[in-house]
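So this first bit is one chain, no partners, the form predicted alone, shown in structure tokens.
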Amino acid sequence: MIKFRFIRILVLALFFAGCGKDAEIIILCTNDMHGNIDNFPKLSAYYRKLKVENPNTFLFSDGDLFSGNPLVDQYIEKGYPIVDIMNKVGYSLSSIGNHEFDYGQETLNKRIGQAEFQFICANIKYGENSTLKPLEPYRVFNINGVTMSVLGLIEVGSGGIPATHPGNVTGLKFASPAKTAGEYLFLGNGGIFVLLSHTGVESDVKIAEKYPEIDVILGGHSHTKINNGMVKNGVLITQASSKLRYVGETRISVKKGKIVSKTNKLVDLNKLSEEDPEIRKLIDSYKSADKGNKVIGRAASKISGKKQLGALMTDALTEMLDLDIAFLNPGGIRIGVIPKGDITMNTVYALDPFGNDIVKIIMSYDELEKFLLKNQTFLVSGISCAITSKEKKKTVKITDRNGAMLDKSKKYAVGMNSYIYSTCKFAHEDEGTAMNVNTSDILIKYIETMHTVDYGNVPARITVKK
């Protein structure tokens, strides 16, 4: 009898000991890399050093791997270089960012298939017309008997889709990130619950305020630099800026199955000196094969800001495509300056990584006026527009390149990128015609034709006075 009682006590002791496992976990997380690869050798060396010190060290990405570096975006297999490098560095998990869709669903399928790390996302709904292969919503890690569940989320914009060209997400629907997070609170039962959230810091704060069951939110999308994390409603929220300048280091300590501490710090990769030589060699091999450094023209002076860069980009459309007027959205500009001197193909691809197709629409003066009233921040060529608000009434004055009033009886050949055409609701009797050319290619041809471009002193082409 005493023998059986001893065995039962021993079994119960072992059971409760198993329930009370301790763990020290380190999560390194990058977000919004946008194809920037130069700091991967430093990240790899830092990760491997921590991994030796603590085997429970993980490396995650919070999405937006692509769109921002011509070496990655213009590679024959779009996006492959950064996936290849991430494989070699040792990533184990990534969420899906909005820019993962920039190459289209079929290309994204290929990159996911080549990744040796897992992509997760819980709030994508797959329709009959979608081609994206369904992703797992979360992943569970077992660390010394402690479970760590990681849920992936992607942002959803006002149009009901992430911030990408609508044509790239055909057949997909996107549920509310906050609502979706609430459907997976069971992941926190008896373990660590982590969100890999590509939704932006404002959204992350709202999710934290609503769901204290979440332990850590590893954030992205808003490119926010959060030093040492922030705690909202007991939830640790982190984000590490963008372009692989920093990596977030989150440490979670578990004692007897309970989290006793969770901290975060930013590691400035530019200040690290140690590099992984194998990763440096891999990056150098990609750079040596890059043909985008071909010089196509010259900037007579520095071209900076969206006003000047936008004038260059829209002038390329009107001049090269025989259009009267051209519009582009300012969000399509992805660098802040073209320095004085040589302009390469990669300069253009960095400026305009999306290369959206151009649509030509024949528009009347009235249609143009209504379009401008609704889209006062757009970039334009071929006209100048002065919008005045007085006593709740807006007046529009549209002049041509020479300052003469636009003829209200005529119709005009207007070009705009397919992103504007797909996302902006505006009156136009003409349905539009695809010109089968894209914005970046046209800009390259324009600069090659001009040889030297000078946009250092361009006046505003759309002005708004109240």
Partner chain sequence: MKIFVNNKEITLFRGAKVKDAVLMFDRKVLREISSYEILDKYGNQTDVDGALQEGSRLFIRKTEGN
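For clarity, a rigid core is taken as the largest C-alpha set superposing within 1.5 Å between two forms. Everything quoted here is computed from the prediction, not taken from an experiment. Numbering follows the first chain given and starts at 1.
The next section is about a form of this same protein that is not shown, the form predicted together with the partner chain.
Visitor: Check residue 432 for me: does it contact the partner chain in the predicted bound form (non-hydrogen atoms, 4.5 angstroms)?
Guide: Residue-level check for residue 432: yes, a contact with the partner chain.
Visitor: Is there any non-hydrogen atom of residue 199 lying within 4.5 Å of the partner chain in the predicted bound form?
Guide: Looking in the predicted bound form, residue contacts with the partner chain include residue 199, since a heavy atom lies within 4.5 Å.
Visitor: Residue 139 near the partner chain in the predicted bound form, any heavy atom under 4.5 Å?
Guide: Residue 139: no contact with the partner chain in the predicted bound form.
Visitor: Residue-level contact is defined here as any heavy atom of the residue lying within 4.5 Å of the partner chain in the predicted bound form; does residue 158 satisfy this criterion?
Guide: Looking in the predicted bound form, residue contacts with the partner chain include residue 158, since a heavy atom lies within 4.5 Å.
Visitor: Find the only residue in 251, 232, 334, 374 having a heavy atom within 4.5 Å of the partner chain in the predicted bound form.
Guide: None of the other options qualify; the answer is 232.
Visitor: Heavy atom within 4.5 Å of the partner chain in the predicted bound form: which of 383, 296, 226, 269 fits that? Just give me the one.
Guide: Of the listed residues, the single hit is 226.
Visitor: Sort through 304-312, 142-150, 353-361, 181-189 and report the only stretch with a non-hydrogen atom within 4.5 Å of the partner chain in the predicted bound form.
Guide: Going by heavy atoms within 4.5 Å, the stretch is 353-361.
Visitor: So which residues in 124-141, when you check the partner chain in the predicted bound form, have a heavy atom no farther than 4.5 Å from it?
Guide: Stretch hits: zero.
Visitor: With both forms fit on the core, is the shift of the CA atom of residue 248 between this form and the one not shown 2 Å or larger?
Guide: No; residue 248 is a residue whose C-alpha shifts by less than 2 Å between this form and the one not shown when the cores are overlaid.
Visitor: Aligning on the rigid core, do we see the C-alpha of residue 355 shift 2 angstroms or more between this form and the one not shown?
Guide: Superposed on the core, residue 355 moves its C-alpha 2 Å or more between this form and the one not shown.
Visitor: Honestly, after the rigid core fit, is residue 428 moving at least 2 Å at Cα between this form and the one not shown?
Guide: Superposed on the core, residue 428 moves its C-alpha 2 Å or more between this form and the one not shown.
Visitor: Closer or farther: the CA pair residue 435/residue 70 in the predicted bound form, versus this form, with a change of 3 Å or more?
Guide: Closer in the predicted bound form, by 3 Å or more.
Visitor: Since the Cα separation of residue 329 and residue 157 moves by 3 Å or more in the predicted bound form, tell me which way: closer or farther than here.
Guide: Residue 329 and residue 157 sit farther apart in the predicted bound form.
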